[in-house]
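This document opens with one chain alone, in structure tokens, the form predicted alone.
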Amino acid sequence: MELTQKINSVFAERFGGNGTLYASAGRINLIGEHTDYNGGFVFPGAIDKVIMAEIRTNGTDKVRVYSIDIDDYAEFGLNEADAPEQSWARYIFGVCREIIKRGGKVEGFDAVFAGNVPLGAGLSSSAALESCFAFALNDMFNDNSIDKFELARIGQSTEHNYCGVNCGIMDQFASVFGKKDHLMRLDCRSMEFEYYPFSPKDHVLVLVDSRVKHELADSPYNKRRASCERVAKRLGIETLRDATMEMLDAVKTDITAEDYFRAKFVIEEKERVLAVCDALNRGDYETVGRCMYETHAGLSKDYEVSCEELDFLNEVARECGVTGSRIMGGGFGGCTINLVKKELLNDFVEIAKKRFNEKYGHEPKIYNVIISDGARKVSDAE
């Protein structure tokens, strides 16, 4: 409600009157890391941290938009040559252009937006921004004729073509399709997806943000992707989605140890995602948690995308009796995602903050997250 009121107030002050409120969510990924480019499964959900915008048509061919959080204003036209200089405004411009390029309609509008998605924590605030505006412009100008998958692709294409980020589809997919109390298993090869219930009575999800990011000289993402592609080629398959450990072990002597362990992680992670799906259908959160710990170990030892700080947080979680804990995201810094029994929550948070501060000289940030709805028109209750 506080976010709504702030946006309402600034919109009235800048543009007069009021518009329509839209929102879209940040996301977590419970399990399924580095599987997307291997044709596997990811398992994201939208969270209760959002980007929210108040928007109204203005009868011109210009977009006028103000970011409360950055305290910056941008104004631009809707032609390719009108791209704004500010990087944050290019996300909105890109969404407009991608809708137009697909034959959709966009006219001039005024907008004010703000959010509570923590920046730099791997919760995809940029996808939330893209999805918020894509959903809104579809509703305002296109009678919701653009289907949801296309809205997600519009966000992804915005990143590729206007923001210089060659991202996958997961973040935008989660922001658009998010459903309260449900996670989604997305098949990154077929793009089919299925909702799975996630509303534990006795557990909560907590992110522990290390507030560190290690910059590496080479591109670890590209190197790992190349490893996976080499193994798939040796196995005669398109991606590691179709590989088994038996197949991998059969060619172990023909590939490097590094490539073997990269492929081993991806193959095992594919099976863990499927195991978590089955466990959630049974309400078995102990199995979910065990798989999360296994994923962290694989990301740390086999895929080598962890770092000392994240391994430390994972070990603290284990010592505190946390049900499940792992790195979330590409690695080399950022957050752990933790599935914690409610009665252990306060002790875990205090111990993690204290021990991390003693070892690294600063406290991690703590974010409690609830699985919530994705892109939507905001109701009065919000």
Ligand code: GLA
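Quick note: we count residues from 1 along the sequence shown, nothing fancier. These numbers come from a predicted model, not from an experiment.
There is also a form predicted in complex with alpha-D-galactopyranose (GLA); it is not shown, and the following applies to it.
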query	finding
alpha-D-galactopyranose (GLA) in the predicted complex reached by all of 28, 185 and 289, non-hydrogen atom within 4.5 Å	no
Contact stretch among 162-170, 176-184, 73-81, 101-109 - heavy atom within 4.5 Å of alpha-D-galactopyranose (GLA) in the predicted complex	162-170
Distance check, residue 34 to alpha-D-galactopyranose (GLA) in the predicted complex, heavy atom within 4.5 Å	yes
Distance check, residue 334 to alpha-D-galactopyranose (GLA) in the predicted complex, heavy atom within 4.5 Å	no
Distance check, residue 329 to alpha-D-galactopyranose (GLA) in the predicted complex, heavy atom within 4.5 Å	yes
Exercise: residue 221 in contact with alpha-D-galactopyranose (GLA) in the predicted complex, heavy atom 4.5 Å	yes
